[in-house]
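Take a look at this single chain, the form predicted alone, given in structure tokens.
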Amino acid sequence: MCGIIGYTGSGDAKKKVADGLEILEYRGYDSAGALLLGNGKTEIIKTEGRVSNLKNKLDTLSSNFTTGIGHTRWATHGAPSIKNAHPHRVCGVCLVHNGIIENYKEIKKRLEGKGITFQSETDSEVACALIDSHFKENVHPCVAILMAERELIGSWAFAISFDGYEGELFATRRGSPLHLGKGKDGFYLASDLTALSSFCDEFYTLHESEIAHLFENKALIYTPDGTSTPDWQKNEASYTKADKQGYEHYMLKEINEEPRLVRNALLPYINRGLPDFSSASFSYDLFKDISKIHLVACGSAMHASLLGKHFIESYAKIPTEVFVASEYRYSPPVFEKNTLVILVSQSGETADTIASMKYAKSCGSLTLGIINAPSTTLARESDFCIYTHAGQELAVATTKGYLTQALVLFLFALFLGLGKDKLTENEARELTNKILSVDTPILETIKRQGELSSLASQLVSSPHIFYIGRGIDYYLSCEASLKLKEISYINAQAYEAGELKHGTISLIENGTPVIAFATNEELFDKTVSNLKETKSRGAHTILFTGDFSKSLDGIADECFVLEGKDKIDMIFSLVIALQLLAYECANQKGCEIDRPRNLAKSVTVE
């Protein structure tokens, strides 16, 4: 989850490290640190909290540093503190680390038995000490790294500096992403390509069997088969300098971008009014024998997958299951002969999702990634991938990422339904046109932010809130509860509407908010009946529903009529409403919306 950056060359290493960490801060903001080297000087600077705190300290230093590594931390082992911040230095070795060393306790105990004293609580310092213990055997740094890797269990991306190798950096990885960059004034390394985009046009993704050795004027790759130079590729990743464009928060800015993203996400995969994924390098023939689908993801991507399950089963009639990626391998599902495994990830670097992809491939299944970020692990290693074209998302809580995943899954469901003759061409064309037009209800919902702010004012003092719904409305409730929890810290739970009375209704007290979703007219009466059950026990009830030409008087304490005249419009109107409701709750509570506590944008550890 942490972000690492490195540079060696003829330029200003201090500025490059600081600027790179600023881009990588979405990966963690518990602490930050940097090692700077040049002209015989060495500086290690660490701070708690944001990268801006580190930059303030770095500004007091000269610019005579030509080599540096930096780190922004999401704490795993050890509390957020100066002593646990990276870089870690043990004798002649200094490193930064993204990942988790699973067997660090055993290694630490062994090294302590040899007289090594540790200054932090981290697994990363143990890895540093292990590498140093081999380096002391008078071996080349690459040999020391290789010897240490043979003992380590877990995941890592290391950027390492060794005493006696001034102006040189070393890097290696297993399980965690790491890219090299070639610039006009030197060589770089970083956790993701966006951090390299400001500095260099060419990149190389380090493979797990390789160790990189960066000099001021060259880069070498060491493998068991020998030494080579990187096979540089064009870096197509881009990073736009953070700009809220007048909005109070990035999250609100990104919600307001969602109407135009409908066509961004869908048009690359539509031809003559019908779904066409030839731009993703596949046709329907690839899936004609598919008899079952697994959707595998984490967090909001998993909730988008629940919507995908509904769409696929509705339009393609293919049995579909949704799995939490962190459990996929440990409670292994039964694979049928022709199971398609779809991996959904905004970052393309979600560790559990990548591990699930590898597991699915080992079971002989075809894998398809639905990803926002190109040139990522999931994009490279899935058999095929579809890009969602959501653009850069800076708020930790996803909004447009979730929306575009749902849109692409809807279109892919139509694609499968058309291929399996579950939809006629006219039906598929009509539904394709319908999904393209949901930008209108999305925009109209955004215009009603004031109404949602008023509803939020009735929720902010509540210690817990329940969301309920049936069918796809329950799936939307799952995302609504997560969105509220992660940015407002209100404990929100989602339940199938009919399940609340099977135990959980005992938690309803006078004034407990219960929010019901009802986008399906056929299920409206049943959902309303469940809502009334909670109201009779003192709940404060709020209903999000469609204009079904039914009287809403007395049904709930508050009603929000969704935009649009059909179920598809209302589903996507509700997606925006649940995001804005969470935003308004968090804003009225004064929460740090774009960087909620304890969270990171890209989860690259298991």
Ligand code: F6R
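The first residue of the shown sequence is 1; numbering continues from there. Values in this document were obtained by computation on a predicted structure and should not be read as measured data.
Missing here is the form predicted in complex with the ligand; even so, the following discussion is about that form.
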| property | result |
| --- | --- |
| Site test, Ala301, Ser345 and Thr350 vs the ligand in the model of the complex, non-hydrogen atom cutoff 4.5 Å | yes |
| The single option of Lys483, His88, His179, Lys400 touching the ligand in the model of the complex, heavy atom within 4.5 Å | Lys483 |
| Contacting member of Ala219, Ala316, Cys94, Val396, with respect to the ligand in the model of the complex [4.5 Å, heavy atom] | Val396 |
| Stretch from 502-510, 431-439, 293-301, 466-474 whose residues place a heavy atom within 4.5 Å of the ligand in the model of the complex | 293-301 |
| Proximity of Gln405 to the ligand in the model of the complex, heavy atoms at 4.5 Å | yes |
